[in-house]
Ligand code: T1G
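Single chain ahead, by itself, as structure tokens, in the form predicted on its own.
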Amino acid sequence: MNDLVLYYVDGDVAVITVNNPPVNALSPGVPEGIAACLQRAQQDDRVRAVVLIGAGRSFIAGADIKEFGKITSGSKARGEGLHPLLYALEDSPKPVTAAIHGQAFGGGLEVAMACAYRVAVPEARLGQPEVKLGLIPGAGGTQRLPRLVGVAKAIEMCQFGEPVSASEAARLGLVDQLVEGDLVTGAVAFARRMADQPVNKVRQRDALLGTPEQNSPIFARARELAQTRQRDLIAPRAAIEAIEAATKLPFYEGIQQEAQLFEQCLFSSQSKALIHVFFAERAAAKIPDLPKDTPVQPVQKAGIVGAGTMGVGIAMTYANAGIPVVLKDVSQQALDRALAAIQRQYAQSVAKGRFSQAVMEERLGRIQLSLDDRDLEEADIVVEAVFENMALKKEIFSRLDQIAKPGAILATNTSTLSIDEIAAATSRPHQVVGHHFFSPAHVMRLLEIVRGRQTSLPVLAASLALARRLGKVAVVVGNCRGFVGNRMFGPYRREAQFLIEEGASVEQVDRAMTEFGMAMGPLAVGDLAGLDVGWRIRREFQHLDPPGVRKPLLEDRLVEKGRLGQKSGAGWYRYDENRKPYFDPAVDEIIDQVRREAGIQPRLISQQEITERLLYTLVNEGARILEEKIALRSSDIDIVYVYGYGFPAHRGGPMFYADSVGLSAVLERVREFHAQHGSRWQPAPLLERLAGQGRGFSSIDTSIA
């Protein structure tokens, strides 16, 4: 026994408590501590039954993910893992009841399933989320879960990794009883009542495993979903295969099959990338100069200025989080359009069963539409969400300075403009910060928090706390044109246009990126955002372009012809009434005309060249951002791109991907492109330095576990 696991006896029931905050992960010492306490209970003649519970806010939230890295690096052997403990729990002559609150995830659920019984508070959640780390359950989860909930539900839980509530788990048979009130009291009473009952061990239950005829369509459907919704991912297919083994093999042979599949996943590049993203997301919240005891101003009411697409999405984000919000515009017509858009999107969610009509009405009730600045006076935060024009934004912030109450946070949703210049329009620049949401704002998880030169620490702390409340993954970035995400995205989309000018097709460029794993190609993304947005930004900054620099020609030509993207029904693609894209011969005619006017002779361009030019321009600009300290860590850049730009998480983000390729190989290609295409491909000094030292971007990161 150790301090990680505690033991006491309540009458004739032993209570074993996992005490490994914050989430009771199965770190080294925890399984050993549980086993020692279990043995103590067996030797205690007073004890008739055992309760296993977690201290603090959770049961057992899963394995200690750091241990996986030790195994793949060779510094630790995998060994038998949790199996000896699980068999000890399952074979205990004194039945063990798992008492679940908070989370029973991954290895935590595997521990619970090895117990004789499971009780839980209704709010608890149970799941096998290993697939989100590129893994499958590795301690019998794929073998015991289908024996408890049936094959179809087990596949769903392991293939997609989404948890179920304790209430649903009780309906499924995963939880034996829900406990209202004090969990320890209820669990001890349940264990005492079941102490002398015969135990049906989970590994011996076969009734729900189905027949080959029953299971065949279930597995076929699962593999179809893996192909369409989880393209290129290894772990979902492995999870399906492991559960299929549970239906065809004796339990212990199924365990061996699971172990082989788990190991294949663990040593895959995908798992390493997804584990990197897991730790990178947590590291992003660590700001070196932000003390933990920095006071955080609560946000009870919000204001949004600008009822366009972004304003609507931001207002919905606040309403969804339970925060009343005033959506203000100068035009009643704009407010009417905004309300219609909000109602339409909520109604679609109700129709899809995401939430009820009552929830929709509740959320709508939190959104107040207004034409009057005075309705913003009580807001704890006001977010400006008008289009990208510095003069307009400065005018708005000057007005907000007069309207907003003392202490209110003044946030701008600008995606490119200087936070410091905007803040200078106020008498309180320390209260001004960038909150760059990504479209659609109520869906996309990323929030770039842009720190101005005078942004105060309390405002920064409040922004991070607010992001968590809004359900966002926040990354704090510095102030420059485009910050992190759009500063890199500009060269990326510019290079896409150059590739088309030089001879590639629209389809070829977008396909190269979607086959790499991006959610959308760069040209389709432009159509989604609106080509006029980039057109407006280019005009805002055209005075900063170096003389003689090559500029892409095609997108401006499309805008001049009224092809603004999905919003106008035509951009790089043509769109039907459902916004489904089609290739448009008219675009090829525009491309041919631009090539002729510019004297460009088209050539054949390989998919490899397209992929390398698009990805390595991201990496090269990312290296400059790191050197300028606009981003704190390369992993912060990865998080921005995974959550904000659809970069495939199983490749870890652009900087992690570059490390996996090898920076010397990346630099070699960047130098070739520099020789072919000129100054825009000048290698970043940091890229040259790290490649020369045989290091990767991760070697300069801090706060990564």
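Numbering starts at 1 and runs along the sequence shown. Remember, it's a predicted structure, so these values are computed and weren't measured experimentally.
Same protein, other form: the form predicted together with the ligand, not shown, and the subject of what follows.
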Quick one: find which of 151-159, 418-426, 277-285, 348-356 has residues within 4.5 Å of the ligand in the model of the complex by heavy atom distance. 277-285
Would you check, heavy atoms only and a 4.5 Å threshold, whether Tyr657 touches the ligand in the model of the complex? no
Ala36: touches the ligand in the model of the complex, heavy atom cutoff 4.5 angstroms: no
Contact flag, Gly644 vs the ligand in the model of the complex, heavy atom cut 4.5 Å: no
Report yes if any heavy atom of Leu327 sits within 4.5 Å of a heavy atom of the ligand in the model of the complex; otherwise report no. no
Residue (of Pro685, Gly694, Gly11, Pro22) lying close to the ligand in the model of the complex, criterion heavy atoms within 4.5 Å: Pro22
Only one of Gly303, Gly311, Gly106, Gly622 gets a heavy atom within 4.5 Å of the ligand in the model of the complex. Which one? Gly106
Give a yes or no on whether every one of Glu495, Leu558 and Asp592 sits within 4.5 angstroms of the ligand in the model of the complex by heavy atom. no
Going by the ligand in the model of the complex, which residues of 52-71 come within 4.5 Å of it through any heavy atom? Arg57, Ala61, Gly62, Ala63, Asp64, Ile65, Lys66, Phe68
